[in-house]
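Next up is one chain by itself, shown in structure tokens, the form predicted alone.
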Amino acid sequence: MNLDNIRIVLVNTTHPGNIGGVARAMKNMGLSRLYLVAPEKFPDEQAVWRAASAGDLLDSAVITATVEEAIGDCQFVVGTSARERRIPWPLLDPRQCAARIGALAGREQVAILFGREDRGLTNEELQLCNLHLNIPTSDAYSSLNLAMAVQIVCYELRMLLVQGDLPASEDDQWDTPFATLANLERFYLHLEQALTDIEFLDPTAPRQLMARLRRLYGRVRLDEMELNILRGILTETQKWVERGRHGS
């Protein structure tokens, strides 16, 4: 496992002190790649104070305007979620999730998303993820500070490395790189348009069709060649539809 291939992504963080706390938690466990999506207040002296000796992580933090920009080059994305969703996604606890990440992070770019302090990640952001991570807590008090949540996940990754207990993965033998999120997003747009063209998808009443298809393909994990094949099929399908409309 290569910890340098794992990025921690904080989305719309409200309090700069939490950013500093996260940087410190990451450095404790040997992670160094911090991404900040539209933080409300950064840089800020409170972040520096809370980071203590992890100020270098703040200096090297990558700031982006959108989640898509922060994770576009990643092949595997995990989203933290505290709430049950209308459409259940594959859900793991931190230890299980660390094992999955450990099997992939040797050669793939992995992102772990943490949402806003008050409401977490949106449904749309969670649909960008391959799986969801939930930290089990006491029913009596389930609220976790952002830095605490990051510390728990980073600790589990650290323990895999320290113990040398890295799981084997069939993905290590795969012959083609797995698709990046940016390429997958282009595929989903293409798929939605093609389904609309053949009148399988009604854009005025889409229900949860695209969300379920995202879950399906996210669970399967398409590689770049498979993605190109599927997009080729969609393109040829659209050509047939266009010819049919013009009677040729």
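Only the largest set of C-alpha atoms that superpose within 1.5 Å between the two forms is called the rigid core. Heads up: residue numbers just count along the shown sequence, starting at 1. Keep in mind that what you see is a predicted model, and the values were worked out from it rather than measured.
Not pictured, yet referred to below: the form predicted in complex with a small molecule.
- Checked against the small molecule in the predicted complex, the residues 149, 104, 131, 160 give one hit for a heavy atom within 4.5 Å, which is 149.
- Although the partner is absent here, residue 100 is not a contact residue: none of its heavy atoms lies within 4.5 angstroms of the small molecule in the predicted complex.
- The closest heavy atom approach of residue 95 to the small molecule in the predicted complex falls outside 4.5 Å.
- Proximity of residue 118 to the small molecule in the predicted complex: non-hydrogen atoms within 4.5 Å are present.
- For residue 75, no non-hydrogen atom is located within 4.5 Å of the small molecule in the predicted complex, even though that partner is not displayed.
- Remark: with the core as the superposition reference, the CA shift of residue 96 between the shown form and the other one stays below 2 Å.
- After superposing the rigid core, the C-alpha of residue 137 moves by less than 2 Å between the shown form and the other one.
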